[in-house]
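Quick setup: one chain, the form predicted on its own, written in structure tokens, and binding and motion questions come after.
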């Protein structure tokens, strides 16, 4: 059925509910080139301000899924995936997937590239010599079955209507719309074949969600949409006011991931990873209580079985697994530039978003889709909110191939740390967990 787009835009602008056939027409006609950008932009802005109810969100999710191919795994497989809303130094997928796979779950993971101030899992993995992320759906299923998990890029055949809509959202100031975020996340995760989903919902100045109240509303949408479509969803609310781990950058985060899987003590990575892993193990029914699920994940890490699984993963996806024994095989940079603390005291605030943008200028990230990155560029930033530091101490290190840009980034990042004379407590990393199971 055809409609007048203007009438439907006015309907949503006036805070009225759009019916299933109306939404289907608007989004499929736009993807087919029958509705111009300016009209879809007006609709997206109306949704941004007026919102959608859960029925509309479910309908839009279904439209996205049905617009492309779906990957189907056997019901006998314990399929589970994890999605992060994005953060600085967030290498969690890279260490989480081998831990959970070593515990017996199957993780089909379709990931993205870095854009804006947050990094992308695919960019990090592709810093491993030879590593591939472009696989057909059939190959993807084979990798998941053989290894226990696979991490690949999104093909053009998965939720294509979401892909073209997201590109428009990105340039019209509507990325933060909670209904549109929900439909985008859930459609991709359901289409990739996972029966269960754990979401790392980040909150803080380095995240897209700045306030807990907004994050809670998004979590409700995600859980209810999943429930209505037969997917169990668990949401872990985590703190993104400090960079995760000690390093930010593509090859640097692979180095840190290998060190972690080999036993390096990195408290925030361990806390968040094992919390997410225990949720995934519970959702798949491998364990029935949180304590035993957490212990199982911890044992996979301590015993080395997760590292073994990671080696296997690299080999099956065409990469050089010798990086696990020789990290010098990963890309490196010519220059290391120290960042010095400008005063003594306790770290009160870290502007993670500005850190992310500063690192883009040395090639660690990209400003637009398709832009080349420097895989070796990045920074060591181990200090957290609540840490005490003395004037002149090394606050961090910039790794770069352009000394002038690197020095500028060092100055900018140094200004991202607010240090005060009064002692301040460390912040919680995990705020809470809610789930539908």
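Numbering follows the first chain given and starts at 1. These numbers were taken from a predicted model, which means no experiment stands behind them.
This next part talks about the form predicted in complex with a further copy of the same chain, which is not shown.
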Original post:
Does each of 93, 267 and 295 have at least one heavy atom within 4.5 Å of a further copy of the same chain in the predicted bound form?
Top reply: no
**OP:** Considering a further copy of the same chain in the predicted bound form, find the one stretch among 35 to 43, 59 to 67, 399 to 407, 386 to 394 with heavy atoms no farther than 4.5 Å from it.
**Re:** 35 to 43
Original post:
Applying a 4.5 Å heavy atom distance criterion, does residue 424 contact a further copy of the same chain in the predicted bound form?
Top reply: no
Original post:
Any chance residue 263 has a heavy atom within 4.5 Å of a further copy of the same chain in the predicted bound form?
Top reply: no
Original post:
Does residue 349 reach a further copy of the same chain in the predicted bound form, with heavy atoms at most 4.5 Å apart?
Top reply: no
Original post:
Do residue 13 and a further copy of the same chain come within 4.5 Å of each other in the predicted bound form, heavy atoms counted?
Top reply: yes
Original post:
Can you pick the one in 176, 224, 299, 361 that has a heavy atom within 4.5 Å of a further copy of the same chain in the predicted bound form?
Top reply: 176
Original post:
Considering 321, 214, 205, 172, which brings a non-hydrogen atom within 4.5 Å of a further copy of the same chain in the predicted bound form?
Top reply: 172
